[in-house]
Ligand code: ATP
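Listed next as structure tokens is one chain, alone, in the form predicted alone.
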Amino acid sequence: MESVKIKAYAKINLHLDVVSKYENGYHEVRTVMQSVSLCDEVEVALNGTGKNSLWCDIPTVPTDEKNSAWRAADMFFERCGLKLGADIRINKRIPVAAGMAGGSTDGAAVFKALNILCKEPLTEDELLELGGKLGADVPFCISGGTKYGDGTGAQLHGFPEMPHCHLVIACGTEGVSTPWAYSVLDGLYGNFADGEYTPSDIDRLKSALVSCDLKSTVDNMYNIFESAVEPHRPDVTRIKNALLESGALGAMMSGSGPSVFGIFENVDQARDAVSVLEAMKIQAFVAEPVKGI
């Protein structure tokens, strides 16, 4: 049966800030997201049973409706009024629960694959809208590239592209629960009540990207979650230090962690940094920025 394979790219945050807390408990964020070449491979085929099947090469990954890819298939068929099922295979390279949208990007890949297999019943805007119902990161994972997101992060806007560079992405052994990370932030910043926190400036990062100035880009990256997570996850500090000592222009945690990325001008330095991290028993990958649709 015909199938479609999609590269499901990981996401890093060049900027991530929380500016307020909504009455419903969610947080208002401002973020600049970047897709990178580290990716899962998601293969999707249609079946006529009306039921989904899901296989993943990582045994700990759920293979039922707990998986975003499975839910994406259900949502797509319901939205399009189709009595079909999807057979989904996921080969994972993105570390699980690492703050790099690994689950969201698999769901986005299923949306894109099914839209191709079903002869594009949904426009790109309709896919983005559907993706937002699955998760805040999913619309970005559908569109990719460099994007500015606000609100819950699902509202996307164009942003200057990241200059070409070499990235080393590494992940410590201790996972991070995003709800826990937000709860720590709330304690640090008084639930983001008026006057308790001044958001960081994003304009300098934008100017650096417009100028294709990689060093200035690195100097103006920001992630508020470092203040909450790093004191509790020593691997984050260890990885950042190892990347900087290996010649990275800069290193920062991505999302709510525990993944960390370093930015290198030289690919040989990036590969050497991976060797250093692997000697520390830290999983690490060399990647590059990826342009979006």
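Quick caveat, the model's predicted, so the values are computed rather than measured. Residues carry their position along the shown sequence, with the first being 1.
Below, we turn to the form predicted in complex with this ligand, even though it does not appear here.
Of the heavy atoms in residue 207, none are within 4.5 Å of this ligand in the predicted complex. When contacts are judged by a 4.5 Å heavy atom cut-off, residue 15 does not count as touching this ligand in the predicted complex. Contact between residue 147 and this ligand in the predicted complex is not found at the 4.5 Å heavy atom cutoff. Shown alone here, residue 31 lies farther than 4.5 Å from this ligand in the predicted complex, counting heavy atoms only. This chain lacks the partner; the member of 142, 168, 162, 98 within 4.5 angstroms of this ligand in the predicted complex by a non-hydrogen atom is 98. Put simply, of 50, 231, 62, 247 only one has a heavy atom within 4.5 Å of this ligand in the predicted complex, and it is 62.
Stretch 87-95 is the answer when you ask which of 87-95, 115-123, 198-206, 152-160 has residues with heavy atoms within 4.5 Å of this ligand in the predicted complex. The partner is not shown here, but in the predicted complex the stretch 99-136 reaches within 4.5 angstroms of this ligand through a heavy atom at 99, 100, 101, 102, 103, 104, 106.
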